[in-house]
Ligand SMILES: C[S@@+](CC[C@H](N)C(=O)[O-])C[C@H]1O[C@@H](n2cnc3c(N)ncnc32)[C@H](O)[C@@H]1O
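The data below hold one chain only, encoded as structure tokens and taken in the form predicted alone.
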């Protein structure tokens, strides 16, 4: 049984028909096949798009024989990119049933069913097979999961010896004020944001070794600021092709994230940790 846990209310996960509308603007109907590259402008909801995925594939030395699990896979953009460009097999685990269904349909229309398996469930309790994956990846999803230590133990158990966990996530730079806490809780739905030292301690406690952290704060601050500016500049075009409500939902989300980064309390990190 899938449970959305309230995350479906955040702006990024509302008005999900925007993907179909974006494809329609290219002349692609709802039942038409899709080249994976045609989806890249619409299905990469993390920071720095396919460049971030290429960096992960390089860092993890993924190849055609690699088995990868993605935590919080959304509409399947990263999973499809890795399967299409690297040739690996990806199990894409997503909590929200509606998002999962869209992901599965898009993957089928891209002809990637044999290389991407979509799973719907809670990453905290989903029965992951032990020692199954060469790598587990996650982009801006762990921040939504309330029990990070438990999640990391789940992930560690699913990795083969020497397998790697690659995650990009939010971290706290300093204590959050009450307005920032409201943004995190009510708009971003970020329920698991701590200092990077606590994050790395949780990884070690779950059994990971060789934990390396890369500070992404400066890059991500610039990214979210530019994203908000571009979003506002494109308002007229977007509302014409979609709706005012669709525009406003994402504007609220993008503005909250920009405030948090620009205020200096929120930061970003890329972590790579290995199973012994």
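Numbering follows the first chain given and starts at 1. Just so we're clear, the structure is a prediction, and the values are computed from it rather than from any experiment.
What follows is about the form predicted together with the ligand, which we do not show.
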item: Contact of residue 238 with the ligand in the predicted complex (heavy atom, 4.5 Å); value: no
item: Partner proximity in the predicted complex: residue 107 to the ligand, non-hydrogen atom cutoff 4.5 Å; value: no
item: Residue 122: touches the ligand in the predicted complex, heavy atom cutoff 4.5 angstroms; value: yes
item: Proximity of residue 46 to the ligand in the predicted complex, heavy atoms at 4.5 Å; value: yes
item: The ligand in the predicted complex: contacted by all of 74, 78 and 144, heavy atom 4.5 Å; value: yes
item: 99, 164, 193, 152 - the one with a heavy atom within 4.5 Å of the ligand in the predicted complex; value: 99
item: Answer option from 171, 83, 128, 93, heavy atom within 4.5 Å of the ligand in the predicted complex; value: 93
item: Options 114-122, 156-164, 177-185, 200-208; stretch whose heavy atom lies within 4.5 Å of the ligand in the predicted complex; value: 114-122
item: Partner contacts in the predicted complex for 228-256 (non-hydrogen atom within 4.5 angstroms of the ligand); value: none
